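Listed next as C-alpha cells: two forms of one protein chain, kept apart as structure 1 and structure 2.
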Structure 1
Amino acid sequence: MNSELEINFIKELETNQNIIHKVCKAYTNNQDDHNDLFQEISIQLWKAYDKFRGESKFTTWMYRVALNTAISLYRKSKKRIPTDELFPNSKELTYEEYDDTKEKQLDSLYQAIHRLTDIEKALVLLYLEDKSYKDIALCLGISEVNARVKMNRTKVKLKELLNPI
C-alpha cells in the first residue's frame, strides 16, 4: 500500500510538521481542535501532494494549503474563547520583573495572534516566516499592493495587541 509517493510525502511531512503545528496553534484554542485541524491539514496536503510541481518551495506550498484549510475548509467554527480565560495568569505577568525570555515572547505573540481575524492571522504568519510580498500575494490571491496595505494595517494592530498602552 505504501507507494513511493506516500513514503516521500510522509518524510516531508515529518520534517516540516512544525509549519502545521504553528498554523493550528494560531487558529485553534484548545488541544482537541488543534489535533482536528492538524489532521485535516495533513489530509488536504496528502490529497494535493501529487499536484505539487515544485514551482514554489515545499514549505511555501505547505503554508498555503495549511492556511487555506484553516481559513476555508475547516468545518469547526467554535466560539472564540477570550484569551484572558485561556491564559488566566497573563495579567499577573505584568507584576513580575520583566523577563524577556523567548518563551514569553512566543506566548504573548500567540495571545496577540488569537485576537486577529482569520485573514490577519494568515498575513502575520506569512510575515513571521519572512515570506516575500510576492509569495504572500500569490498565497492569498490578492495583489501585491493590496497585500502590503493589509499587512501594514495588520502589523499596526498586532503591535497594539503586543504592547497595549
Structure 2
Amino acid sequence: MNSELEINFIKELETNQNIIHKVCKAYTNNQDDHNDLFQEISIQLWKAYDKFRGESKFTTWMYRVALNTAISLYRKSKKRIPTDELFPNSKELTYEEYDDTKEKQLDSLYQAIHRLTDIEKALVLLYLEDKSYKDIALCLGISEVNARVKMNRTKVKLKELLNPI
C-alpha cells in the first residue's frame, strides 16, 4: 500500500477510535485485555483497509470489522495475530487512553451487556450508537427485519438483567 493510503487510514482510525474502545469495553473485562483487543482490531482494520470499497460509511465498515474481530477472537480462546511493523513510512498512531470516568454511570449497563450473547452485544452497541436498523443489519450481515426482531428481544432481556424481580 502507498503512504497516502497509510496516512488516510491513520487519520480515519484516530478520528473514529472510540468505536473500537466501545467494542473493546463490551467484550473485555480488564484494561490489559481491552488494550490487546484494541490492537487486534486495529491490525484487522489495516489488513482489510485496501478492500474497503466505500459502499457503506467508513464507521459502519469499521464496526463490522471490529465486531467480527472481537467475536471471533474471543470465541477462539484469544488467538493472537502477529504484530509486524505496520506503518513503516508514517507517523505513529496517537493512542488516546480510554477515559473510564465517562463510562462510570454506564457500568451497570456494561455488566448486563457482558451477560448477553455475542450477537446481542453487537446489537446493543450499534443501537446505542443510534445506528439505523439498516446499518445494524449491514454490520452484522443479517436482514433488517431480523435485526429489529433480535433487538426487541435483546431489549427485553436487558431490562430483565437490569431490573431483576
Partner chain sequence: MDSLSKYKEVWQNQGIENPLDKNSLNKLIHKRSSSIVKWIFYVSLFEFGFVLLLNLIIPTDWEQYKTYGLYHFMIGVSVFGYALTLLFIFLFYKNYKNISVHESTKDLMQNILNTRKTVKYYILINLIFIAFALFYSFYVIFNSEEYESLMTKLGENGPILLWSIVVFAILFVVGIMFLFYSLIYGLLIKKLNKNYKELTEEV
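All residue numbers here follow the sequence of structure 1, with the first residue given the number 1. Rigid core here is just the name for the largest C-alpha set that superposes within 1.5 Å across the two forms. Predicted, not measured: the structure shown is a model, and the values here were computed from it.
By the stated condition, namely the form predicted in complex with its partner chain, the first structure is the one that fits. Once both forms are fitted on their rigid core, the CA atom of residue 10 lies less than 2 Å apart between structures 1 and 2.
Residue 145 shows a C-alpha shift of 2 Å or greater between structures 1 and 2 [criterion: core-superposed Cα displacement of 2 Å].
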